[in-house]
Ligand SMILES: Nc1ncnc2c1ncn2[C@@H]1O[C@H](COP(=O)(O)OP(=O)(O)OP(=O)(O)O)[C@@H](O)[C@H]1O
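Presented below, as structure tokens, is a lone chain in the form predicted alone.
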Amino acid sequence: MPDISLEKVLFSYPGGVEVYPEPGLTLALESGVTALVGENGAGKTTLTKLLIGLLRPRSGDINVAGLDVSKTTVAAMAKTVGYTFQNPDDQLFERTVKAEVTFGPRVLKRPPADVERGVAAAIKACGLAGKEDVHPHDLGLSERKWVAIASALASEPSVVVLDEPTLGQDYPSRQRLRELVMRLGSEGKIVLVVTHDMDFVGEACPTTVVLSHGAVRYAGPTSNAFGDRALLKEAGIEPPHVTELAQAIGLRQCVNEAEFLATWRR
């Protein structure tokens, strides 16, 4: 059974606008790192909110890590899914970084030793050591994003959803983020990266799902995701810069720097 599955999911917002056309959205994801890409309005954020029960489908089945989302409360889903919003200010409300990161596992009533372990690991992984007592809103956008990510990781969830995680990140922060998501994927976690940053997709996400007008147009290896120019145009996305460079000079398809250099040397 896939780690995440959606079967014929239909959802509409008030006013009757259908997000996913008939017969509904069907998608299966395994553990590891998957990018979810597509134009604005394709249904990406709606999908992630359906996964954690913040939105409920009109019909269809959604299962996440063995849980039937329709039969599970949002609070119970929070034990399994760590979620970060695109705008960190939508979820940061405590007075210190440590209090913010501690909030989730404490509310979930994790044993104190588990809380301390998870919080310490999340703060270290997100480069926030030494800033535990700083007010989150005294930090810049990049670091506020990291506080939100640390908050999602502190409960040690088996599923992590990151909405536009590279927003505001400089090169070293992007590298830290790449290493983080790849490590989480190697540990068997399900990591879903919702992003418009195709360079990061090529660098960090072995699997890619392309949504266009509420339909899955591609789901498979990222190495093959950027070969269909008509699909990319329809989905409103551009390939990674390194992919465009490889095509311009006649190399085979590459989606990240390592692939490009290996192909160039050959």
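Note that residue numbering follows the sequence shown and begins at 1. The shown structure was predicted, so the numbers you read here are calculated from the model rather than taken from an experiment.
The next section is about a form of this same protein that is not shown, the form predicted in complex with this ligand.
No residue in the set 142, 174 and 179 has a non-hydrogen atom no more than 4.5 Å from this ligand in the predicted complex. Contact with this ligand in the predicted complex, defined as a heavy atom within 4.5 Å, holds for exactly one of 236, 41, 227, 220, namely 41.
Between the options 131, 189, 110, 196, the residue in contact with this ligand in the predicted complex by a heavy atom within 4.5 angstroms is 196. Picking from 26 to 34, 64 to 72, 236 to 244, 44 to 52 the stretch near this ligand in the predicted complex, with a 4.5 Å limit on heavy atoms, gives 44 to 52.
The shortest heavy atom separation between residue 156 and this ligand in the predicted complex exceeds 4.5 Å. Taking the partner from the other structure, this ligand in the predicted complex has no heavy atom within 4.5 Å of any heavy atom of residue 255. With a 4.5 Å cutoff on heavy atoms, residue 80 does not count as touching this ligand in the predicted complex; it lies far away. Heavy atoms of residue 169 never reach within 4.5 Å of this ligand in the predicted complex, leaving it off the interface. Contacts with this ligand in the predicted complex, taken as any heavy atom within 4.5 Å, map to no residue of 231 to 266.
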